[in-house]
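Shown below, as structure tokens, is a lone chain in the form predicted on its own; questions about how it binds or moves come after it.
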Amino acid sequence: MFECEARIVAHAHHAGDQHILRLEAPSIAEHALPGQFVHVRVSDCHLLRRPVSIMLADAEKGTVDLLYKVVGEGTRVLAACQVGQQLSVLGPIGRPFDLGDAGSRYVLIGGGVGIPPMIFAAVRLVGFADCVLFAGSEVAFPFALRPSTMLLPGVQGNAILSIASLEDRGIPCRLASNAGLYGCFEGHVPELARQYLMALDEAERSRCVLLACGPHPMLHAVARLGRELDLPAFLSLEEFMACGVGGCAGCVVKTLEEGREHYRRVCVDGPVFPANMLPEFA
């Protein structure tokens, strides 16, 4: 973990109070892994930092990209920050996703501001292991989109759009929404992933590993999907955090390990946990 004064090199603003922030933070960019986050001090007047998932890290350029949504005073202050300003940033923090099995097919499922870790994971998997990404949002996606040229089993109808930057890297992707967004599957993103998985033959489906980040109802649905199809599922949890480095124990969740209950800190023991370790998602 590093603490640095990170310079804002780009700050893009999108519909639905969504913002993409690019920070110059070489030490963090060099060590960041998918599923980890940074803890950002938005101003000297706001003592508590804000946790934000890492969407991309470019070690060569020394930059990290963050997608966040305005949900309160702190993120509203962050949204007003300008290119050239510096922010105090801690990171990378937390237990990342395990992407070490080249024989697996990783099915990445992200909802809302849970999409960034899935994008990071997909980019890291290019050239190493198969993956497919499904993203859901109830507001316009803050990315350039285009019709996909990659066919996916079980994906039919209006689900034609993909995130262009992923398509450029050869990463299959489809989108879901309940807001009637053009080119998206009409429904919840776990159901779109389920249609894909059910269309695979048994041998292909057995290779799949589910990785997910998003709101709790979505994570519950992914955990159920893993149980239904007997597939491993790993969930990245989003919790309110104070210190963000394990000292205050304000973000604990109950786990079940070898038949015994424990309380683990989301910030440093997570945020990624196996779904079968979390009684809330059993």
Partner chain sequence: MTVTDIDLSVEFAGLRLQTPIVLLSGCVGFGDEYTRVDGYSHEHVGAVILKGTTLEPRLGNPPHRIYETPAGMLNAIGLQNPGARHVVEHILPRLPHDKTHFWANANGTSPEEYAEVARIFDDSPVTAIEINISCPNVKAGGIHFGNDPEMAARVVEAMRPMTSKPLITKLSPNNADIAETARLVIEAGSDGLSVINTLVGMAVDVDKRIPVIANVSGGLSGPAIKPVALWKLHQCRAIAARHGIPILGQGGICSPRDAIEFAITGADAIGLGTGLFLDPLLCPKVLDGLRTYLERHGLGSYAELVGSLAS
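Positions refer to the first chain, counted from 1. The model shown is predicted, which means the values in this text are computed figures rather than measured ones.
Only in words, not in the display: the form predicted together with the partner chain, which the text now covers.
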- If you check in the predicted bound form, is residue 277 within 4.5 Å of the partner chain, heavy atoms only? no
| task | Give a yes or no for residue 239: in the predicted bound form, does one of its heavy atoms lie within 4.5 Å of a heavy atom belonging to the partner chain? | result | yes
In the predicted bound form, does residue 8 come within 4.5 Å of the partner chain, counting heavy atoms only?
no
- Find out whether any non-hydrogen atom of residue 20 is located within 4.5 angstroms of the partner chain in the predicted bound form, and reply yes or no. no
Heavy atom within 4.5 Å of the partner chain in the predicted bound form, from candidates 70, 256, 48, 231, belongs to 48
Residues in 1 to 23 that come within 4.5 Å of the partner chain in the predicted bound form by at least one heavy atom, in order, are 1, 2, 3
